[in-house]
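Single chain ahead, written as structure tokens, the form predicted on its own.
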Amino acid sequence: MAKWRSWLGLAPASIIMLGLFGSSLGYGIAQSLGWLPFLDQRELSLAAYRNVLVGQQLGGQWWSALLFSLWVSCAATFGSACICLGLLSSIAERQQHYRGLSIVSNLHLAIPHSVWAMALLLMLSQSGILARIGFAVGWLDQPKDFPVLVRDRWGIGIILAYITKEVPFLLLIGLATLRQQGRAYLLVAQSLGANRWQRLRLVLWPLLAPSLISGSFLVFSFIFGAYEVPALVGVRYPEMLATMALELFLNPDLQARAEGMAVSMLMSLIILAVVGLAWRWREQR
């Protein structure tokens, strides 16, 4: 009876959330299938998906955006996980540093991605603060000699922005694991004669791996579907799928809205596939 009361207590909020999510998802699917009543188009078809995937105008743009999105998402996720693992390894046996690192991580997470991307743009662009400082102290002949780190075709600026934002998120996940059980296991290993490298390799890393891998799947899914950072520090070509979808959706030609929704639906399917892989990995463990 108590269990049913809990479910009934959650029912009002759940119905509202599911209703909003379901109606938005249904509307997006319908538009991606060509249901555009404001243009008097109500016949459903897969034309938008065909145009996106193999069309002469959008086909090449879709595949290049897909590869670029995968590159940025994988590089940023891998870099964030490696930096997080290195930081946690360096403080794992110094519990007095946990609180300070947790406070700094929480404060950094409070900064919106768009604000952080603008800050990096002001710092790292060829007319930015670092370029001007380098020119002022004589390290550069001109500010334009500063290396291109933002708005570059390799997405370095996007990757840097995401790494510096997602490392605190993964740190909080890893710190939660260390607080629960990491310290005790490390002390036991030390008492049994394990050196520092053995404690890291045989105790700490296997302990952190499940939480960091799960967090990395979340980070990848977020980066793959995010828009604001690529829009601020990226270039128009190659572009990420999120910016491609929004540009199509905002196109003055309302016929392109179906293609924009099709790109969004395809992105959602890829993210669902990543979630499925994460779930399968968790079940196997």
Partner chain sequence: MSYRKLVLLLAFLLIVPIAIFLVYAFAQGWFFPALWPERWDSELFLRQLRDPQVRRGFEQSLVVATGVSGLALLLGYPAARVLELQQFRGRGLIYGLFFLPTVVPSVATGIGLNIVFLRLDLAGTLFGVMLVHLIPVLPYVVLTLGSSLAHYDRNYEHQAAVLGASPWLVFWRVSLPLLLPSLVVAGVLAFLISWSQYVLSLLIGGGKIITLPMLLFSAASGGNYSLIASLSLIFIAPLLLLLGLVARYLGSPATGATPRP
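Residue numbers count along the first chain shown, from 1. Predicted, not measured: the structure shown is a model, and the values here were computed from it.
The form predicted together with the partner chain exists for this protein as well; it is not shown, and the discussion that follows is about that form.
J.: Would you confirm whether the three residues L122, G225 and F249 all fall within 4.5 Å of the partner chain in the predicted bound form, going by non-hydrogen atoms?
T.: Yes, the whole trio is in contact, each within 4.5 Å by some heavy atom.
J.: Using the partner position in the predicted bound form, report whether L85 sits within 4.5 Å of the partner chain, counting heavy atoms only.
T.: No, L85 stays farther than 4.5 Å from the partner chain in the predicted bound form.
J.: Answer for Q31 alone: is it within 4.5 Å of the partner chain in the predicted bound form, judged on heavy atom distances?
T.: Yes, contact at 4.5 Å.
J.: Answer for L272 alone: is it within 4.5 Å of the partner chain in the predicted bound form, judged on heavy atom distances?
T.: Yes.
J.: Answer with yes or no whether L218 is in contact with the partner chain in the predicted bound form, where contact means some heavy atom within 4.5 Å.
T.: L218 belongs to the contact set for the partner chain.
J.: Even though the chain is shown alone, can you say which residues of 23 to 56 have a heavy atom within 4.5 Å of the partner chain in the predicted bound form?
T.: The stretch 23 to 56, when checked against the partner chain in the predicted bound form, contributes S23, S24, L25, Y27, G28, Q31 at the 4.5 Å heavy-atom cut-off.
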